[in-house]
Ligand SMILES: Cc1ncc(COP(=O)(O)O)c(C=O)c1O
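As a starting point, one isolated chain is supplied in structure tokens, in the form predicted alone.
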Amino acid sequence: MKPIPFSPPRIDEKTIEAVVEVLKSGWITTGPKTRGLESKIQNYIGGGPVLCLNAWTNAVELVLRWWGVGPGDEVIIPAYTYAATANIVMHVGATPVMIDCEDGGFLIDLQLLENAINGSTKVIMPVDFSGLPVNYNAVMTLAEKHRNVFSPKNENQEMLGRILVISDAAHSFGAKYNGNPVGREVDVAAFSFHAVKNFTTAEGGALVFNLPLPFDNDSIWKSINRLALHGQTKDALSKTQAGQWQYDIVEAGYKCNMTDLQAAIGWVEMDRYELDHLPRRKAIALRYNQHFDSYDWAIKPVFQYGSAESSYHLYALRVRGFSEEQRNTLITHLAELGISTNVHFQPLPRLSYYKNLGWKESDYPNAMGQFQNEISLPIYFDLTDEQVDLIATSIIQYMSR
């Protein structure tokens, strides 16, 4: 049997031609393609200005630094997420406050989130899981509700007067909330364009700035862009204008820009994402559902609730009653058949770094319960119906034994 990979990027002749065009142009770093991709994404989402950078991780860390998060501050995050969500909080010297996921689901428990809010809370960073958005309205309501406990430390924090909400939307580019593409609901939305994501630029990410008045989101864009370029007042494209070589360094910044080579891949993806890519992923997810519908051991993923619909980034199947060891044995069996799968995620308190700092798995029973029997099945544009059928049938036959 031809091996079935887990989540290869969609690379075809259009993608290759777009990258070659950039190579031939002589402009391969941040330039017109990157700026153009930002405009395409903004038009698609309908939110504030978009800044494309080299990774979700660096992009959100820059926002934390711009907001002034540091030692003594707390950032509320879910325990059920990839390490990047917590690592950047550690990078700025603040404390990640990990919240268990809701009973029977992968999203953050909103009541536990509210219970964790205190005077040290500077940011709430909920995570969309497998493409399914969190209840943004509820999170924003909590941020507004607890204005009275917010303790600002700088001018920006005083201007907002409440906890900043950043959505970790790494999985949910193209998901829908209130009928619109995700990205306009919270103060700052952050996407990942990593190679295994629905929408990829090989590596990369994007920020969407939606802060309320009196904030000027275009000015915030400029501040973060400058911070991503060593604190330099002009980017490479600006300096190519006649007589505009001179620049200044106004802060000790970082190096986090996206290149036009990456953006070229994104241009191709944007042009076919909504009408081509997302419908195919949805069709694959629904085909899996049809296979598993009649089996009590299969806990199928949630793709919709209320006004929210997933981007179908993952098919996170759970096997009712399975232990972690049984789940791992199933993964090995499928691998021996040439079927690649994955697990999303290992809860943060399970990881050695955070465990050694004092976080305990036993404090997060829902997260551990979700993790132990979750298996992520292949779902990507080029996956055929026959391959979906083979994957599902292989699992069903294994379970029947």
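Note that residue numbering follows the sequence shown and begins at 1. Computed from a prediction, not measured in an experiment: that's the story for all the values here.
Below, we refer to the form predicted in complex with this ligand, which is not included among the displayed structures.
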Heavy atom of V127 within 4.5 Å of this ligand in the predicted complex:
yes
Closest heavy atom of W359 to this ligand in the predicted complex, within 4.5 Å or not?
no
For K222, is any heavy atom within 4.5 Å of this ligand in the predicted complex, or not?
no
Using the partner position in the predicted complex, report whether T341 sits within 4.5 Å of this ligand, counting heavy atoms only.
no
Please name which of the stretches 67 to 75, 245 to 253, 80 to 88, 154 to 162 has residues with heavy atoms lying within 4.5 Å of this ligand in the predicted complex.
80 to 88
The unique member of K300, R287, H194, R272 whose heavy atoms fall within 4.5 Å of this ligand in the predicted complex
H194
Interface check vs this ligand in the predicted complex: of D168, E102, E309, E185, the one with a heavy atom inside 4.5 Å is D168
What residues of 42 to 68, in sequence order, lie within 4.5 Å of this ligand in the predicted complex by heavy atom?
A55, W56, T57
